[in-house]
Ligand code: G3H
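For reference, the chain that follows is the form predicted on its own, supplied as structure tokens.
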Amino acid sequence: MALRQDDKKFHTLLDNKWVGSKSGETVKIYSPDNQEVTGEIPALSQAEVDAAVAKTADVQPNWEALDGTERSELLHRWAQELEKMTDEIGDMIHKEVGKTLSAAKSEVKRTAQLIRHTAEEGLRTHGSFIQGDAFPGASKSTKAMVQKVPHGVVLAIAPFNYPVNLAASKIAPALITGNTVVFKPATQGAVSGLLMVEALVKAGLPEGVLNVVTGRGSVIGDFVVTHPKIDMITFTGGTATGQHIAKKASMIPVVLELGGKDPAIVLQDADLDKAAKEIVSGALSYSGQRCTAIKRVMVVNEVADELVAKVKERVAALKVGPSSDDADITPMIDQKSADFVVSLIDDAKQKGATVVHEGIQDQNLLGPTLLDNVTEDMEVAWEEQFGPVLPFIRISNELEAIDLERRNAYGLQASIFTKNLENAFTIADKLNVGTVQVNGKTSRGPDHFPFLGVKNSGQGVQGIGRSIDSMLRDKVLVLNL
């Protein structure tokens, strides 16, 4: 069988064979642009998922036994095949998750670069050698060889907003280190993920080294997370789901990339033109549906009016419409998400927020909304909106901003806009987040930079080198000579 059953129906990958579910059941995927069906994926049963996991576990020792150079070469070929499919995969990302075609193709190209970098970096992992007499009373003749070995079977769970990049950022580090993979794509974005895997099959993926499980989370979600042959889980998605996975996973390692409420802190000496540009881009690209999107602006009173005016001017120039029109602000992923954003806007209005700019509300297409004079009693001051609404909170000084951030449930990133770098460093030291951006928008950044969140924003560290580290554990051989 091939990946495509027909124009709309797709198979999933089990043991290097493209198959449907034995029941024939499928899950439909709807376009955010027009709610038309863009594809159908197999709704696997628990028994089918069990077989997929068992196969990846069976072949893992053979995959680990391969020379690292052979695994690296496979990844390089995968990157090449992926680039050949840029137009096809980009078009599917565009249809499935509502990104503009240019942004979708850019994601594919970036992913190929990530895979290549991972293929190279994975060859540089090494263990260590420890002499016993480094500890008082221990013998010099006792020595420890610390090896780096794979966990075994890695469950990689990807989100809808970067269905290819954030899938490959889990799969590539797992494969290069000798783990086998069970890949569960988000339903919205699953076909894009399957096309990415098709490129890996074309590159020469050995049977069973990666299997893809698709279906309804209510049926297979907890089943695969708690499967006894899963040795590690890496997940990107909502905080509530991540916390649920962490509890279910119990004793196995878990890396979580979750939500954020990233603040942009704008001080009196900031370059307001630069700040406005970075804030609009950081808050509203892909309609704010990014964990690293700027979710609130904390601006000192002295420059608040000027900054709000500059942001408003830029927002008013943004094009709102379907992704097929190459709009700046495109429909949200589904109606439920849009309704949540509208509820935050309505709550802020009722509690006295000033509406600086109000976008249209047409089903799941929401124009950007700017809210000024947002106060702590408003839900939008604390809740992660994951959509095109930006609240401005006026502050007296940076200490107030630090306090607001530290009382926040999330801790992914923060931006500081100021010309005083010494002051920026001082503030950064006091912010309880994974990353602080100085005079730039919050963003994932280059894929080889460490990427992490604290508090409810996640656990563990990603970024190519750190992701590779997370896929390995220490195994110690003690020599008593």
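From 1 onward, residues are counted along the sequence shown. Because the structure is a prediction, the values reported are computed rather than measured.
The form predicted in complex with this ligand is left out here; the points below concern that form.
The partner is not drawn, yet in the predicted bound form one stretch among 327-335, 116-124, 190-198, 161-169 has residues with heavy atoms inside 4.5 Å of this ligand: 161-169. If you check this ligand in the predicted bound form, you find no heavy atom from any of 31, 186 and 216 within 4.5 Å. Just one of 110, 310, 151, 76 comes within 4.5 Å of this ligand in the predicted bound form, counting any heavy atom, and that one is 110.
Screening 283, 291, 266, 93 for any heavy atom within 4.5 Å of this ligand in the predicted bound form leaves a single hit, 291. Contact annotation for residue 451: at least one heavy atom lies within 4.5 Å of this ligand in the predicted bound form. The closest heavy atom approach of residue 443 to this ligand in the predicted bound form falls within 4.5 Å.
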